[in-house]
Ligand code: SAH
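As structure tokens, one chain now follows by itself in the form predicted on its own.
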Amino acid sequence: MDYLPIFQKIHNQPCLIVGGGTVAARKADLFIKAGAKVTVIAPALKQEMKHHLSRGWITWVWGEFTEALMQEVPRPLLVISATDNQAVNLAVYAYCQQVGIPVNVADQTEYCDFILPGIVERGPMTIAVSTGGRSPVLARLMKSRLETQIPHGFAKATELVGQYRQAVKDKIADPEGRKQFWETLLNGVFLDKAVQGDGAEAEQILQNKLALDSQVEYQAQGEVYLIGAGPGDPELMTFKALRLLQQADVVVYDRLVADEIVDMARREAERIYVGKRDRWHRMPQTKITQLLLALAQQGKKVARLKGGDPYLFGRGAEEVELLAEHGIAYQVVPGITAATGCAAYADFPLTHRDYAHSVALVTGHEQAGAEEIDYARLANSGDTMVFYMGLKNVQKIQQGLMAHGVSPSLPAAIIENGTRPNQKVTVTTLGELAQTIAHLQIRPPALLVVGEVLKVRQKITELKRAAAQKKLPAELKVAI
């Protein structure tokens, strides 16, 4: 994060624009909308800035920027320099740095103490979008998408909520009770009515709920959300997973959950890491389960983030059993498991009419006392075989399959950091699988896939290569 996003109140505060052209006028627009007292220093004004002057929205101080001229204007809270004279822009920047006034030199982030984001307005609701000055065009693109996705009726909803904020505070003294009141209200039909313009009915819903909730002494009700975070790519999270994550007071997450997903939680939510990293002590599963119970019994909403799916090698059932035993409410949100996510991102299916009619998902990590993998069944099934946590026991997996008749030439793949930007796919054979992993020093997280379906990936790669060559000019059509 290059800039801390802060909404600053500048109503009735002096702010300065240096420059009288089109860009300067657009910057002045923002100050004017926020209610600032805007002064403009410029030797001349173009049409848009003249319009601002004619409406009495700005005060014009004629002349080129100088330190002496600055003595004639109120000390500004913020300064924007938007001229086509770089010497003037640099002089403004140097002066502001010297006297301690935040300054923005238009389109030059190296001379900016603050930047102006793309803005989506829905009444009092303001959404700011910024790329840290790297790409204003990209920020405008994201702004336009938000404009289409957020109804203008949100302005009315925001106004209505603001009108009742103090009344709710007066009637529901407990902060957690107020939080629960607003979360329940805004996740219900109230918001739909307000956004659709039916303000009277929305207000009646709010009043009825306030009358009911204020008569009941609030008691925090803990709840646990077992959320499948998917194999890595944050965009593979479901809408429900994201909604519950953002409601949580505490986030308990493991090693396979991407940092970007953890960051989707509310900023004020407590974060507890329970995974295993180098030089970190792994919290045993029994302690994790007891931690979830203890947090829920304190009345907290707990998001338990698990890589992949919580019920597929995620030990989610063990956590649910203890919660159910103690009467703790819980929800399980399925996630895209590594097998489906990694296969899709690596350009091959798990089943195919020509190669495999079924798939076996197998844990390659053998706990003490666990039953042996049934290699005989796998060898005769024709399944696509996907081994989770199999790197450590890859030699045993390789030998077990070949000992039961699986051909050493059967295609195999290792998918590292599946679905993430740094995903790497290494294709080999079953007979070379262990040697390949050792030679390339492959480390977790990695998924092992063994099966004929990997031939589909090879075919798709060849088709892509042929299509790419067709698009090349004749003189560049060489083997690629």
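All residue numbers are counted from 1 along the displayed sequence. If you're wondering where the values come from, they're calculated on a predicted model, not measured in any experiment.
This protein has a second form, the form predicted together with ligand SAH, left out of what is shown; the following refers to that one.
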- [ ] Would you mind picking out the stretch of 266-274, 244-252, 301-309, 344-352 that comes within 4.5 angstroms of ligand SAH in the model of the complex, counting non-hydrogen atoms?
- [x] 301-309
TODO: State yes only if every one of Phe31, Val79 and Pro102 has a non-hydrogen atom within 4.5 Å of ligand SAH in the model of the complex; otherwise state no.
DONE: no
- [ ] Quick one: from Asn417, Thr436, Thr39, Thr429, grab the residue that has a heavy atom within 4.5 Å of ligand SAH in the model of the complex.
- [x] Asn417
Open item on the list: Which residue, Tyr95, Tyr111, Phe313, Tyr375, is the contact with ligand SAH in the model of the complex, using a 4.5 Å heavy atom cutoff?
Closed with: Phe313
TODO: Answer with yes or no whether Thr337 is in contact with ligand SAH in the model of the complex, where contact means some heavy atom within 4.5 Å.
DONE: yes
Task: Contact of Phe190 with ligand SAH in the model of the complex (heavy atom, 4.5 Å) - done: no
TODO: Report yes if any heavy atom of Val195 sits within 4.5 Å of a heavy atom of ligand SAH in the model of the complex; otherwise report no.
DONE: no
TODO: Decide whether Pro411 counts as a contact residue for ligand SAH in the model of the complex under a heavy atom distance cut-off of 4.5 Å.
DONE: no
TODO: Scan 440-455 and write down, in order along the chain, each residue with a heavy atom lying within 4.5 Å of ligand SAH in the model of the complex.
DONE: Pro445, Ala446, Leu447
